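We begin with a single chain expressed as structure tokens, specifically the form predicted on its own.
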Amino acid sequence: MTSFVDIPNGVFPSVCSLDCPDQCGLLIKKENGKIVKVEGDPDHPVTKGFICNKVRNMTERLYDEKRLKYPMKRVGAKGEGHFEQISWDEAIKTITANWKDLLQNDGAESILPYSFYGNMGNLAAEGMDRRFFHRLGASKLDRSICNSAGAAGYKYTMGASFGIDPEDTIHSKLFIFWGINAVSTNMHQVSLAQQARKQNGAKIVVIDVHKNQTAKFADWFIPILPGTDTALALGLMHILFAENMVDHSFLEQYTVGFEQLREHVEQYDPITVSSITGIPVEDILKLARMYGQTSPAFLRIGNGPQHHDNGGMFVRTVSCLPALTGQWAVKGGGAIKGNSAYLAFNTANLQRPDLQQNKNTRVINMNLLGEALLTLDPPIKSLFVYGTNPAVVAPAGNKVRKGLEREDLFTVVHDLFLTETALYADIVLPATSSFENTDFYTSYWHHYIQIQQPVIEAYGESKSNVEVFRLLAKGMNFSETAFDDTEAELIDQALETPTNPYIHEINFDVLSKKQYVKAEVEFPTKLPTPSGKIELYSEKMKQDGYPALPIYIPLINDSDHPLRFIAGPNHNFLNSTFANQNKHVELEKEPVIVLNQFDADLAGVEDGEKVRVWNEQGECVLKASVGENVLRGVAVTQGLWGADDDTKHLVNSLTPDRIADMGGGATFFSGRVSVNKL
């Protein structure tokens, strides 16, 4: 079979690698061996040929003159960005020599891998790398920065990451986008909602802390105070029970604990909930009646509210709502928090945890990187960073960067660019883009497995994660055959999934021929909860030290600063990805902080002027956007802008590194700040 790489001109199938639920099917146009255009695949059943600006302008990223072409070693001080070119042979020898010394003198746990899903390819994110670090015996990383709190909360109610098929939402008559700016982060769900609006007269409601693009698209925007979403969900339950808008037959057949829940939510009356959430009583009543009287009704549960101290409990609570009204039994009704359980592959086969000799190896939460680098005992002596940019992305960013400055910390970064984190590295390795790799992809929203085969030659001397960790294994003299597996073999091993009834007879060859294959999804009648039912009352939660019934717990009030601070995503970046591309920066314009007119007046701040945003952790300088797009007492920024010599844009310098109530999750959105005239 001829490789796509060997064909200089033509159009080739592909898949988007970004950490986005839509995971679009793509078509790649090549001329003279280079990608000249990235388009959506019109034949993809869900994404149907339209793509976001981030991907449409991908060629600028692929061929950016700043892209790394060869390995480099640091020749100046950490953070200065002075490097010189070296060979791959020297790079691997330098890394492995340092690690062999650490193994002998400090032990394997002095080495920490730090990675996330900058590339959602399963081999790139959790393949040969996991095998290598298991065999090495390095400290384990708890990769909990994104959705782990919500995943834990949803699991208590539903057992696993099961939702409805998003393709069925064209039948929905009510969409509630709760804490998700879907226009920017799940655009094809917005498209499905728009279709349902035209075909069924569906209504679209957005609940969020900020009147963002999705809120402006909605029929009704409900602004809410940050961290109070659980109270609103409980208030809706109160009204659903009080006005008999629940499905008794569904509750009796498919749930556990509805009688206890009915009694429990009596305390969450509309007046009480209004005082907590900032939502008028009449709007709470209107929303509850709209939800209770409309079918099919669909909840799109976003990641936003789970980035609070009480984030896991929010998702545990809101995921009870479709059961109360029996919407799980209606086509187009129910909810989606995530759908990854339908496409679950054999992670043990892929990651090979059996290679880890010490089963009690220490685990370090990635949200605590700054604290770990500065205070952990015994200390981390080496850091290997890939698929993420913690100097910008991790919470409590000033602590992280101070930790990265340590002269006794041997740091390696594998990336496409000299990121803010790479500036602190001792060795920098050039990474391939997804279009240069073989990999497979599993969406956490739609139900399709997709394959990526290389479309272009590797850029410069760049190498994939799989290649790099094969080289490191050889340099460490690891003899296990697990490090010899090809990408095709890794994919076949991962897709050998006897425990997942939804995918079978799918392998590398099948994906190569078909490009994408849909899981044979059927919403489970027996859930993987202890009872096999939807658990409105959870004995497992009680055993784990949580309340058995959903409950509102206020955010931790960690300071006297007046504004609740939300550092959310923007439209043209994905975390820090694209923040260094001129095209995307031009589209996004500049970093701003959105303030209510009342708070701006108190601070003497005018719309459009630069302001100092600060707390005890640090400060930023941002442009004020003043109006009524947030409630009083709320400040919202959008996007992780890169470092700048003239201004301070690193907003995660202001975010707390506390751990959420469940799943080890991040609490990015539970901090507080003050705003002053500059």
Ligand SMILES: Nc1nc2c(c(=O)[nH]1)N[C@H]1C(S)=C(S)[C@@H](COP(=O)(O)OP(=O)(O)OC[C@H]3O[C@@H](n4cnc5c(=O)[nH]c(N)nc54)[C@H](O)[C@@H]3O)O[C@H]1N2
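Please read these numbers as outputs of a predicted model, since none were measured by experiment. One-based numbering along the sequence shown.
The form predicted together with this ligand is left out here; the points below concern that form.
**Q** Which of Gly159, Gly370, Gly304, Pro71 has a heavy atom within 4.5 Å of this ligand in the predicted complex?
**A** The residue from Gly159, Gly370, Gly304, Pro71 that makes the contact is Gly304.
**Q** Exactly one of Gly568, Pro113, Gly163, Gly333 has a non-hydrogen atom within 4.5 Å of this ligand in the predicted complex; which residue is it?
**A** Residue within 4.5 Å of the partner: Gly568.
**Q** Mark Cys620 yes when one of its heavy atoms lies within 4.5 Å of a heavy atom of this ligand in the predicted complex, and no otherwise.
**A** Result no; Cys620 lies far from this ligand in the predicted complex.
**Q** Taking the shortest heavy atom distance, is Ala297 within 4.5 Å of this ligand in the predicted complex?
**A** Residue-level check for Ala297: no, no contact with this ligand.
**Q** Is Asn119 one of the residues lying within 4.5 Å of this ligand in the predicted complex, judged by heavy atom distances?
**A** Looking in the predicted complex, residue contacts with this ligand include Asn119, since a heavy atom lies within 4.5 Å.
**Q** Taking this ligand as it sits in the predicted complex, is Asn339 near enough to touch it, meaning that at least one heavy atom pair lies within 4.5 angstroms?
**A** Result no; Asn339 lies far from this ligand in the predicted complex.
**Q** Which one, 241 to 249, 568 to 576, 480 to 488, 134 to 142, holds residues whose non-hydrogen atoms are within 4.5 Å of this ligand in the predicted complex?
**A** After filtering at 4.5 Å, what remains is 568 to 576.
**Q** Verify the flagged residues Arg61, Val393 and Thr419 against this ligand in the predicted complex: is each one within 4.5 Å by a non-hydrogen atom?
**A** Checked in the predicted complex: all three residues contact this ligand.
**Q** Out of 432 to 449, which residues reach within 4.5 Å of this ligand in the predicted complex, heavy atoms considered?
**A** Going through 432 to 449 in order - heavy atoms within 4.5 Å of this ligand in the predicted complex - there is one hit, Thr432.
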